[in-house]
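Only one chain is included here, represented as structure tokens and corresponding to the form predicted on its own.
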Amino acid sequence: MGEKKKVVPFWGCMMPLKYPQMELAIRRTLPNIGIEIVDVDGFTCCPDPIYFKARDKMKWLTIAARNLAVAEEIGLDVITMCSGCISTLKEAQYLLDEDPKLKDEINKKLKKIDKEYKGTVSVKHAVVMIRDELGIDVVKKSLKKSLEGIKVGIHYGCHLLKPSQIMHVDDADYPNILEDLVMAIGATPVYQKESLLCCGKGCMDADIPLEMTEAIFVAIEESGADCMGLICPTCFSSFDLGQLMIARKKGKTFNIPVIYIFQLLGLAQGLTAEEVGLHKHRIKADKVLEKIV
């Protein structure tokens, strides 16, 4: 493989603090497909694109712009591994680049800490960078084990695709980027009718999130999938722990392994379940692992 593409990872909050196994999977798989991770100091929470933005949009935008300014000082493109992080950073870029007066106002705030947002770096979710800049074939070339016969119920959730005029990832109603990636990994993506439904994290109501999560599990179960595949740690939180909550509160058991896409890629690249952190999940992936040859 030739020279690798150097990128700055924006890990966000949840992955390093709650789900380091996902960061581990990223660090172990991306070098195999031609991406070199260049860590930098100084990032904070993105911040959160739901509650924080709703409470104080200007502070939300200022913090996001500061994160972008940190990346600009390095001069490399940024990848995120979380749908919430990409939502915040892309929307912040969009708002600042479209409104010079707003950009000036935010930069006046940033000047107090010797930062400036210039708008000089690209920010993409890792799966988008793979598709758009490296090509899906690099994934196929990195594989060492077969995932043939493993059926993956894809869950997109909210923030990777919408608002479409900002994200520009795929058709927001009929996406295929994750299906294409799963096929490149060697597994079989299966349609589940709630693939675009919110995981429920954004709802303040005490009961609705669990109802939404249950509806998604029902759809996954009906699809015949062996596992759920996703690219957002917040969604993962809803689904891995959510199954235990549904069993406890509703007496219904699903036992659907929830697997971060780059963990799945790691398995196909020959890494063990422990090396990609699957043993850390509440719902174990035994029925998936026994199909890998």
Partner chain sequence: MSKKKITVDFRFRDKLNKVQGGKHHNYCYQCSACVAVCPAARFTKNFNPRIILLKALLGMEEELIGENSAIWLCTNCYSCYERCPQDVRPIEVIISLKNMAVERRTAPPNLTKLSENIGKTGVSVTVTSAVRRMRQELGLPELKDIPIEELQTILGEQEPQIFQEEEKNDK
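Given the structure is predicted, the values throughout are model-derived calculations rather than measurements. Numbering follows the first chain given and starts at 1.
A second form of this protein, the form predicted in complex with its partner chain, is not displayed here; the remarks below concern that form.
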task = Examine Gln269 and determine whether its closest non-hydrogen atom to its partner chain in the predicted complex is within 4.5 angstroms.
result = no
key: Exercise: Phe43 in contact with its partner chain in the predicted complex, heavy atom 4.5 Å   = yes
task = Using a 4.5 Å heavy atom cut-off, state whether Leu24 contacts its partner chain in the predicted complex.
result = yes
request  = Using a 4.5 Å heavy atom cut-off, state whether Pro257 contacts its partner chain in the predicted complex.
outcome  = no
query = So which of 105-113, 120-128, 134-142, 181-189 is the stretch with heavy atoms within 4.5 Å of its partner chain in the predicted complex?
reply = 105-113
ask   = Each of Lys57, Lys162 and Met212 near its partner chain in the predicted complex, meaning some heavy atom within 4.5 Å?
value = yes
